[in-house]
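In the structure tokens that follow, the same protein chain appears in two forms, which are kept apart as structure 1 and structure 2.
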Structure 1
Amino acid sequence: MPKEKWIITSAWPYVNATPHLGNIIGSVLSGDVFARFLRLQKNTEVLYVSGSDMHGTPVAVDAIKKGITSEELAYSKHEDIVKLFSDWNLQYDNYTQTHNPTHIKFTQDFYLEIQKNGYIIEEETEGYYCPEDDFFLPDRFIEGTCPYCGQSGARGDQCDNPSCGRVLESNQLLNPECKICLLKNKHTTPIRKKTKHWYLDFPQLEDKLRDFIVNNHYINPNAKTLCLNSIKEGLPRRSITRDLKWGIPAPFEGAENKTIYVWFEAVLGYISAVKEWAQIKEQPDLFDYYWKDPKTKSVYFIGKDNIIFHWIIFPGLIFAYNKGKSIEDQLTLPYNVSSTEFLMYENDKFSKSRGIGIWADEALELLPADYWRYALIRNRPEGRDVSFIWNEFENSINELNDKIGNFIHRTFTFIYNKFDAQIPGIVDLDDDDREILNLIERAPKEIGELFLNYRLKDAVSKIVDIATKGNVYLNTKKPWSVIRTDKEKAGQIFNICAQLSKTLGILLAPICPDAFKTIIKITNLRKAPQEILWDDISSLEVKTGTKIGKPIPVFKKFKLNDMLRDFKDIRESKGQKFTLPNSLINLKDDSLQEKSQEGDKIKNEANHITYKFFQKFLFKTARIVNIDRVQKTSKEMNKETLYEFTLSIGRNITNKTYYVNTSESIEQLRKYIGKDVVYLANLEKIPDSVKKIKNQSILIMHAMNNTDTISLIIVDKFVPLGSLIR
């Protein structure tokens, strides 16, 4: 039986931006987990490829700013990403970049082919050009005065003035200036200049693309809606060339000095990366073997911002390329594009400039990759946007540690201590035992299906369920009691737990590759980790009599406060902003807050408090049993009329007193006697400036208007005195 061929890819990270957790989960990590899962299957041949997107305006501009060449900048950033991804345990068969000769040649040939097939249109337009930089300026690199609000500093695409914010055409700007020159403290007025561009004729491809999307079984519903709407609105022609030096030279006749727009070449990297991989292996035929076989399954892992590019533009390019070719010369169309929604950070957008979010490099300074991989997949935004929330992150890590890690640890510690470090044998099985063995038997298929349906989040959740069943099993079987009377029976329980531990280890392999290796090492299986297959989850046994080493916990416990302190240190050591998220402002540990001005700022500005914070207020009911005028005790009090409210919160409990100063008469106030009111019971002390008299430890909730008459919050039905209010 021929093997199933898979090409797995992830979106190409742009070199000029360090990836954040959202980028990681959206593309590269999801792809890696899926690829790792597939590699464990018996009948698969899997390639996982991607690379850095090196070209484009931002790199060119950044290089100008730094005074180095675009190439130097791109390569150095690419190296950083390679290192970073390897630290994240992202296992690519080829992680390349878009400035390699194979890709450049492939892209150029590809577009000539499309042109030959009649999908390229030429059109002349006019744009701004900076003679100083010899650079055609994208709209956002032109700065000028907004024609609507008159504010200077408006960009060519939009006015930055928050009260205006209009979307602009660059030729509407008054007094346009080149932004790149401004950054160098020069003032240059860009000139309008005619330029020709090459366009891809998408309207020609609409029908094919519609059919392609409608007939795909795997496309996720959100993406499908988006694409079909976009086709319904009519696909625009897209310009595929740019007046920019940094990029792949456009191969069209008359297109000298122009490059291919990054989006129109980076996607081709999916194809050229395999070509390059085959060349490196010195088996160039392998390229056709993968890419020109219609049965090859190619899967693209991306964030939702990329859906149009992968479901419409990329397949469109392939359709255009394939036109008129025989089946064996055609490139294969996407089998699936698995798009995630966005990961937010504490309900906010990731933002480098505002310091909102966690970046992929700093994450690993806080915890090893396995933990992040687990928590991100556990919380993968599959159906809608999801927030990274520190408290939830803590939950996820603790779950991994307490449910899975601790189950494995309690199993092997017991075997090590009580069975002389040897896996005990099976005597006779009862229903409970069989249930666990069945669970192991079913696991590869059940969880494998979830992976194959791109339901990585559900897969993790099922793995946790299995660990929970293991814990329940141990708790019901109580082998620590059984061992006193029947050592063999107790041993059997642990044999089963050892099998289950191994099962958990392999199930985790795609997600936590390091933990997987550790667990396999503990169980001392006959196979090395790299030889293990998915089916071994149920079929590879931990043999009776196997000697095990002294167990070391697979995972560690997590302390949120420590981590946040580390995080803050990391940021501060780099001179970057650290912002304590709103949800954490009321942490018990205030070492983070004292130093964090940002946190304080938010604290003052916060419109909302967390429920946890609210829960700290003990509002209770009490009855006013007396109101009296207070004797003046000091000079300060002379001008104020102070009343003492005596509250009862039930029999046998000391009455509480509360003081209020008001210009209302005692007769007016006495009508409140006998009423039940709401008070705050757990006030520590009132600051001197507020305190009118003695130590006051409660507050009645009341409203006071400017004539100093007071309104109390009265309880309108009978409830027991001292009832807690929620």
Structure 2
Amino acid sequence: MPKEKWIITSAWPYVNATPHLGNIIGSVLSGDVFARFLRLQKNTEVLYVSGSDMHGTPVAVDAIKKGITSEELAYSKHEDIVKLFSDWNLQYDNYTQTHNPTHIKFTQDFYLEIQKNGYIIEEETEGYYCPEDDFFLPDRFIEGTCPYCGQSGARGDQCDNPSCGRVLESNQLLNPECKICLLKNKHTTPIRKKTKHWYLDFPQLEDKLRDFIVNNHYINPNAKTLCLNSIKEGLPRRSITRDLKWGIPAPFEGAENKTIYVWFEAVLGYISAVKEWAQIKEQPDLFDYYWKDPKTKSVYFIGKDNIIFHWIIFPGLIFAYNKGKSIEDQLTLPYNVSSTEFLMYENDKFSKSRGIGIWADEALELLPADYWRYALIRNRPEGRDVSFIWNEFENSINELNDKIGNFIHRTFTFIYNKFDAQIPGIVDLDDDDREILNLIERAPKEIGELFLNYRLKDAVSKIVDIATKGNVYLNTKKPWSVIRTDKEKAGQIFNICAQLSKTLGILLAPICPDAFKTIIKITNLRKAPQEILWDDISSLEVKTGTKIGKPIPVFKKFKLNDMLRDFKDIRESKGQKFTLPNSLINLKDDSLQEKSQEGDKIKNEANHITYKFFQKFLFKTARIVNIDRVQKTSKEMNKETLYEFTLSIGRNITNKTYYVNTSESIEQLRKYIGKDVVYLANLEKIPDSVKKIKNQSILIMHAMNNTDTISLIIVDKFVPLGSLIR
């Protein structure tokens, strides 16, 4: 049976900045987890490639800021990223960069071939020219106001506003200014001046691209709609050259002093990285073996802001290149693009200048990579934007320890201490035992299908479910009590738990590779970690009589206060300000709290409050999912009735409730079910004088009128549940 061939890729990060957690989960970690899963399959050949995007305006701008050349900055940062990704356990077959000879030559040859096929048009046009700096400005050297959403700071090629994200032409910007001059605290309006550029004629490719999108059975429905709408609007010709010195020299005759636009050469890195890998292995034919086989499945892990470039621009380039070639010489088209929504930080956008977020190097100073890998995949933004919340992060990593790590450690510690470190045998299975063994047998197929459908978050949830069932089984069976009267029966229970521990270890292999190796070492399987396959999940390979290694904790528990103190030390050691997130302003730890000179006091005049005091109130959106009447004692009875409101904040229906007295009937109130409302998320305790109800932690914003009825403050437009209101 021939093996399936996969090329897995992740978006190429710019080298001008250290990646933050959003960059990590948005492409490189997701791609790594998927590639690791595929490598565990019996009949697969997998390449995982990517690299640093060395060219483009961001690099050139940062080099200007630092007073060094673009090349110096790019190579220095590339080495930093290579080490960082290695520390994150990202297992690339080739992590390269775009300023290498293979990529440069491949890109130049590729566009000469497209030119020969009739898809490149040369046109004289007007471009923005800065009279102050005496050169034409590439799109990203121009900043202005987006003509669609009105957001300032839009670049000449794209608006970065998450709710807009339009691909732009520089001449569409309102109030354009030279980016280089802005860096010098000058405001220079560039002028329009004639220049010559080379364009890719996308209108010629519209029919091919439309058929490609329509007939692709794997594309996400939202991405399909977005792409088809773009094609319906009419694909414009796109300039593939820029007036920029730093980049790949354009190969066209008469294109001296021009370079290939970074977006049009970085996507070709997916191809050239495999070519370079084959050259490194001294087997150049492997390039054709992967990239010129129509059955090869290439998958691209990206953020949602890059969908058009990967579903339209990149396939369009391949169509243009393949024209007139035999099947054997054609490059294969994308099989799928797995895009994530955005990861925010405590409901705010990552911003290095404002100190908002966690950067990939900082994260590893706080905890080992396995914990971050698990928590990020556990909360991967697959269907909507998701926010990194410190409390939720603490819950995720403690879940990893409590539900998975503790189960494994309890199992092997008991075997080590009570069974002379040897796996006990099976004697007589009952229904509970068979249920766990059936769970083990079903696991590879059920969770494997989730991985293959890029539902990595759901795969982790399913793994947690399996661990939970293992804990229930162990706690119900109580082998520590059974052993007093029936050691063989107790041993059987621990045999089954050992099999499940091994299963959990392999299930975690794509996500927590270090933990996987630790678990396999303890179980002392006859196979080395690199020989283990996904199908081994369902086999009972922890054989009776196997001598296990001395158990060590696979994971451990971490306290939020300790992590935050460490994070504060990291920030302050860099001379940066540490800001406690709004969700933690009530954290009872003086070492983390910022003392206000005013003591956050409320001003007496006209009952005004300080803005800083107002910022402590954490207002969020939620949806009312249920309303129920609460019984009162006879002493509490009056004309009003007490009601319990249950809210959802998006991830699931929580037990967060709000209690209110009103004379309205349950039928009148239930009209609010399904409505989105605003609530105060960080109210520590509602005073007893308001109502003697325990566990009150939230308050819906409402108004009471003279008839003892309520008027809820309803959110009248779509806002993601759990959004911070400011």
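When a residue number appears, read it as a position in the sequence of structure 1, where counting begins at 1. Rigid core: the largest C-alpha set superposing within 1.5 Å between the two forms. Bear in mind that the values here come from a model prediction, so they are computed numbers and not experimental data.
Asks: Of these two copies of the chain, point out the form predicted on its own.
Replies: Number 2 is right.
Asks: Just checking, between structure 1 and structure 2 are Asn401 and Phe106 in a single rigid part?
Replies: When each C-alpha is assigned to the better-fitting superposition, Asn401 and Phe106 land in the same part.
Asks: How large is the turn of the smaller rigid part against the larger between structure 1 and structure 2? Whole degrees is fine.
Replies: Smaller part versus larger part, rotated 42 degrees.
Asks: Give the C-alpha shift of Ile68 between structure 1 and structure 2, in Å, after superposing the two forms on their rigid core.
Replies: Its C-alpha moves by 2.6 Å once the cores are overlaid.
Asks: Where the rigid core has been superposed, how far does the Cα of Arg140 end up moving between structure 1 and structure 2, given in Å?
Replies: Displacement of the alpha carbon, after core fit: 6.2 Å.
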